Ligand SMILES: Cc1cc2nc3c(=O)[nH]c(=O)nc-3n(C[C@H](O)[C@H](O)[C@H](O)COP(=O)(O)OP(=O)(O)OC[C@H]3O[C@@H](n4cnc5c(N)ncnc54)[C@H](O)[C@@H]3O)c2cc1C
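Read the single chain below, which is given as structure tokens and is the form predicted alone.
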């Protein structure tokens, strides 16, 4: 394992923000994780696990060891007439995994097509889109517990999955994920009612959709409304959709009949953060080199070499504006470094 010094991270984060790692290494095997952590302990330096860099914002340099996760591999563990169990290395590209499974006609993650990042990052954030979340197919996770210095296996029900959250996010830096095990279906229940999926299928005159049809529709939708990070720096959805009480929902609905929200229980509603941001006047707005994407208010974009702190300050202004207008405190989905 080679440890490099003073490595520029601008090409390793989807915002394209400049930041320097005092130390940097790439992990391709499980045993290198313990080696890297031992180095950090000896040098008394913090560490940061880096996957695809698509869900973080560097606001400063990192004075420690950035560990780039590149453990690869897709292994078929079990197959029955109805399902398959696969184990996937944490360094695999998420969308390439989805494509692989779609080609095999293994269903369960097709609605998560074109989400950037790595497989190891998926359970941390419990990535989700179009009515599906990563937790729906994850069986178990292999990770190194930095507290006990042991390898552990966490079953789905011990991962504390919730909306854009998990034990891996709550107990930051405790678990370093090396592989994720998925249970996928050969005859899955297709989720076509969320978002614009049904509309796209109708336009293409597809009446009996396949897993591939769903994936292609979602790729089309995402490409239409979300900017390509290779062309315009961004981290996808910057904010979480806030949950409010029924009382708050009714108050906002009274003043704003076009409110975009959906019930999650008898007493709670989830409100579309993009709608709140747009109503507060931010959609398409630009300040210096930072802006709110014109096609999707949830996305903050780096137009021209903005610093991470400029992007952070822009997000803070959005949070304050929405809070002033609606009394709702938006929460960032992106991790701030």
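Positions refer to the first chain, counted from 1. Since the model is a prediction, treat every value here as computed from it, not as a measurement.
The same protein also exists as the form predicted in complex with the ligand; that form is not shown, yet it is the one meant from here on.
For this session: Given that the partner is absent here, state which listed stretch (147-155, 118-126, 80-88, 250-258) has heavy atoms within 4.5 Å of the ligand in the predicted bound form.
Result: Selected stretch: 118-126.
Exercise. Ok, 49, 273, 36, 290: which has a heavy atom sitting within 4.5 Å of the ligand in the predicted bound form?
Worked result: The residue from 49, 273, 36, 290 that makes the contact is 49.
Exercise. Pick from 159, 226, 197, 209: which residue has any heavy atom within 4.5 angstroms of the ligand in the predicted bound form?
Worked result: By the 4.5 Å heavy-atom cutoff, the listed residue in contact is 226.
Exercise. Taking 240, 296 and 325 as a possible spot, do all three reach the ligand in the predicted bound form with a heavy atom inside 4.5 Å?
Worked result: No, none of the three is in contact.
Exercise. Taking heavy atoms only, is residue 177 within 4.5 angstroms of the ligand in the predicted bound form?
Worked result: Result yes; residue 177 sits at the interface with the ligand in the predicted bound form.
Problem set entry | Contact of residue 55 with the ligand in the predicted bound form (heavy atom, 4.5 Å) | So residue 55 counts as contacting the ligand.
Exercise. According to a 4.5 angstroms non-hydrogen atom cut-off, is residue 164 in contact with the ligand in the predicted bound form?
Worked result: Output for residue 164 is yes: heavy atoms within 4.5 Å of the ligand.
Exercise. Looking in the predicted bound form, any heavy atom of residue 69 within 4.5 Å of the ligand?
Worked result: Output for residue 69 is yes: heavy atoms within 4.5 Å of the ligand.
Exercise. Going by heavy atoms, what in 209-224 lies within 4.5 angstroms of the ligand in the predicted bound form?
Worked result: Stretch hits: a single one, 222.
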